[in-house]
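A single chain comes next, written as structure tokens; it is the form predicted on its own.
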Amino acid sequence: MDVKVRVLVCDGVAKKAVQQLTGQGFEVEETKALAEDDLIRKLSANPAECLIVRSSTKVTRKVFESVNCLKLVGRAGVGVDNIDVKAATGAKVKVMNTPGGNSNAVIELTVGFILCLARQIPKADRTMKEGRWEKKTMMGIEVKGKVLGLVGVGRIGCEVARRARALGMEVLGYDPYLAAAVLKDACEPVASLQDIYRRSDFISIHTPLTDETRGLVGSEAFALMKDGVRIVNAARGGILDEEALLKALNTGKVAGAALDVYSEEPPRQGALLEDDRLILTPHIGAATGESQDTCADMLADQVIQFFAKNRAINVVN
């Protein structure tokens, strides 16, 4: 290319992406995650046509309205809730992500959560390291024969279902965007979320965060659930009402929950952080080397092809 395309990479995207882009002649600058005003200052001082982020950097309406250099924003991950897509469209900036790039990592974490909830593995480990032998308080349950209800049965939900069936679980699935015939390949389709809530021993959330799903699993949902149900959320914070969850834990409705995502990250609510019946991880669903490399490869390819089409650059084979 005659004039190099400049790319600003935030959030520690895997080196593979940087290597691929520089190998194609892109000018790449790497930086840590940037706050809104810092990002605006950076792009104003050193304009870039492409911005690549993971989850920490928020690309807000103010960013799109304050700078006019961007042509493309790429998210190395599935969700784009840290990017104001509507504002990007208004500014004629393309937004890309990497669906499927980190799916396997999230699938395996979800299955790990189910087993940890069943056998109290984190609590057993913690008490042992504190010098306590609490064998009598560590009575668990077996997942074989239990019912797993999936709220959302997309790419990740389908694979969680397959692994759960291999463990001997019965799997129910609700997804209003998939036909029953499609759902049948992964699980037993149910007609409503109420069926999931009433029948499941474990419930795992696999839906994006939208206006429709925000607070979806709240007080009304918990009231319908079996006593002693166990909840997993490695999808998006805000779908599960954390206040309602704490109340359900305290009444015994919920026996335990495992969360990787929160309505506020990091969470500041003391009751959430201190409850021994909760397994909490710091949004590590996609945090595997394999996942980050896959997302980097996918996104770098998309960026290269976008500018090959829109800037008539030559792609090196």
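Note that the structure is a prediction, hence the values are computed from the model and not measured. Quick note: we count residues from 1 along the sequence shown, nothing fancier.
The following text describes the form predicted in complex with a small molecule, which does not appear among the structures shown.
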item	value
4.5 Å heavy atom contact, D175 to the small molecule in the model of the complex	yes
Contact test in the model of the complex: G215 vs the small molecule, heavy atoms, 4.5 Å	no
Partner proximity in the model of the complex: Q194 to the small molecule, non-hydrogen atom cutoff 4.5 Å	no
Contact of V151 with the small molecule in the model of the complex (heavy atom, 4.5 Å)	yes
Listed residue that, although the small molecule is not shown, lies within 4.5 Å of it in the model of the complex (heavy atoms), from G228, G100, G145, P208	P208
Proximity to the small molecule in the model of the complex (heavy atom, within 4.5 Å), stretch among 120-128, 240-248, 83-91, 176-184	176-184
